[in-house]
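Only one chain is included here, represented as structure tokens and corresponding to the form predicted alone.
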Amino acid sequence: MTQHMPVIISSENGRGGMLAAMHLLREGGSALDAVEIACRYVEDDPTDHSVGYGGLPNVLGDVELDASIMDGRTLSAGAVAAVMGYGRAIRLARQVMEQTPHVLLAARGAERLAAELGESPQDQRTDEALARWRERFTERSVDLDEQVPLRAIAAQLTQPLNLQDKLYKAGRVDTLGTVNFIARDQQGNLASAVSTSGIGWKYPGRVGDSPLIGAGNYCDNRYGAAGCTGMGELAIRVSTARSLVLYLKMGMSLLDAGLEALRDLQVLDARTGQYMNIVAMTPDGAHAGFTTVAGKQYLYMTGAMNAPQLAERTLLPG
């Protein structure tokens, strides 16, 4: 059997998880195990406020987690959404794939499965994340007033203080964030995983693209894999991850497939600061990143490298 060079790519915040995953891949481990381990590393890091423990709370101060995982060899997939009170959402997503006949479990059902599988409850809120939650109300002079619809309060909290702020216009928004990984193992199998705590200060129960197979995550050994980060509602509306892989299936090059996925996003009425990042890999291990805003990067690492490296994401010309 041909032995392939292991490769892994991720969003910019995946460095620690990538190193852990590459160690496993070099030892002959599976791509599926690698992307799970990589996500779990980031989920356990309280300094990353876009994922897992320490993630930014919703408008009520609760952390809700979403995650998905997909096996490119079998097209099996598992996902969870709006999970509270348990950590390592990516592990739970994999258990949905392997222990149930379903693909996606949400909220109380996903939490019940976690309890059945012996997972220990864990409050995902940290003092730092809760402090940022309280500061958000103070900065915007907003109160949790029962007379004001919660949707209006959430809208105020997620808007920037200054719409002209250069960082905001460039897509560097403190409410957005996710981690994703795509890996190829020595057997040539692909796997992908995405984990997030979603938009900070969101309306309770909001679900983005990360746990939706085809929107934020898709993986197929025959053609390639793609994963998204950013404003999940955009990827949901045009099925970004699946679309990019479909363009590869149609015979497009990786570059052309990514650009076509960006064109799909371009027609949407995205608000100022709402962006979408994509990472993608083909079966031969070629990889690329794409973005709707300038200045974005992604991480990559092969089995021949000592450390992950950053690469520029491609922006749609014009």
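This structure is a prediction, so every number in the text was calculated from the model and none was measured. Numbering starts at 1 and follows the sequence shown.
FYI, the form predicted in complex with a small molecule isn't displayed, but the following is about it.
- Contact with the small molecule in the predicted complex, defined as any heavy atom within 4.5 Å, is confined among 120-128, 204-212, 96-104, 184-192 to 204-212.
- Using a 4.5 angstroms threshold between heavy atoms, Gly177 counts as touching the small molecule in the predicted complex.
- Contact between Thr229 and the small molecule in the predicted complex is found at the 4.5 Å heavy atom cutoff.
- Among heavy atoms of Thr240, none comes within 4.5 Å of the small molecule in the predicted complex.
- Contact between Ile199 and the small molecule in the predicted complex is found at the 4.5 Å heavy atom cutoff.
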